[in-house]
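Take a look at this single chain, the form predicted on its own, given in structure tokens.
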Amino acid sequence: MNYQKYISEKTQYYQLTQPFYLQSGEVILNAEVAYRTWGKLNASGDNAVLICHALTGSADADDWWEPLFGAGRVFDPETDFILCSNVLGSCYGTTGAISTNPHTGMAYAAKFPRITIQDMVHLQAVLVNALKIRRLKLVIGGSLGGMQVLEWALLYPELVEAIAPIAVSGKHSAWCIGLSEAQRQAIYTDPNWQEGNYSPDKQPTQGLSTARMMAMITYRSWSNFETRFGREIQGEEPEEPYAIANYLQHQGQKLFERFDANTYITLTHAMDSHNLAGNRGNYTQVLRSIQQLTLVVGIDSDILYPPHEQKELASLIPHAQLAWLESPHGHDAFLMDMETLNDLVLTFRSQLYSTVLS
């Protein structure tokens, strides 16, 4: 599979010159980061905004978050230097399972080391330093992106002025871990998987497709599916599949056409590791140690990261405010109701500006 065709021609690459050490103690040699930028970094290096993408996303934030870009929008290239990097472990340019292992000369495949959200953020920080960014006015992202946002606040507090974690929790729940495991098992049982040593023409398409179908159910809501599909039959014959079944199969096929199975396994394991307390101690105290101005965005119909998890974040982070994306669309509302999201974050950013002036 040629994943390069899914990467923008405007993507840039940063090659690390030093070994990159993971939280596990393992080392990645010749690590590379794919990234995009918009706008211009000012002389003092303090007008940067960092966007963190979700599970199957890429550095092309102006594609999947297009309505948030432009003059007078959340991401305004006239005033901001906007950065989005592809996460460690992904298949869209940054070192991951499809990359060549310098020790073997072959793709890492299933042998790519276990990584964590902290590893992702540490690699982003290397890039931020290389670009001579001295201050991040805002770090923002949803879902997996939101996990990175929270880690940025804790790992690099001196760099980060404000954060906006969206549709995320402070630690991955048993509910989310269980869903991730079921999706991985679907990939493992695909006869083409074979411990990840598959050839490009024998990808574990059915396993990855099934995993995506499971995930899509949790990305939406009961009301979304009921309103959009109900019990509609696709086609004229009664034996034709239900419209919802056809939709899920289509979504599954779309993913295996653009994404790598071992990458999916790598990134869902990393998400399962998400726990802000982790190596820091008491969970409540850790959240209370976050000092940045914070906008926590929850989605009222989210069944993957339900509203009580965002309420918890907002109640424990000292300088946090809670905003609701009221939507019937479920977890993916932050990628669907983007005009509303833009207004919420824009209001927050105007408050930040007022705070600086005062």
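These figures come from a predicted structure and were not determined experimentally. Just count from 1 along the sequence shown to find any residue number.
The same protein has a further form, the form predicted in complex with a further copy of the same chain, not shown here; the description that follows concerns it.
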| property | result |
| --- | --- |
| Which of 92-100, 119-127, 145-153, 177-185 sits within 4.5 Å of a further copy of the same chain in the predicted bound form, heavy atom basis | 177-185 |
| Site check Thr56, Asp80 and Asn86: each within 4.5 Å of a further copy of the same chain in the predicted bound form by heavy atom | no |
| Heavy atom of Pro191 within 4.5 Å of a further copy of the same chain in the predicted bound form | yes |
| Any non-hydrogen atom of Asp76 within 4.5 angstroms of a further copy of the same chain in the predicted bound form | no |
| Contact flag, Glu309 vs a further copy of the same chain in the predicted bound form, heavy atom cut 4.5 Å | yes |
| Partner contact for Thr284 in the predicted bound form: a further copy of the same chain, 4.5 angstroms, heavy atom | no |
| Heavy atom within 4.5 Å of a further copy of the same chain in the predicted bound form - the one residue of Gln253, Ser173, Thr104, Gln234 that qualifies | Ser173 |
| Residues of stretch 215-230 in contact with a further copy of the same chain in the predicted bound form (4.5 Å, non-hydrogen atom) | Ile217, Arg220, Ser221, Trp222, Phe225, Glu226, Phe229, Gly230 |
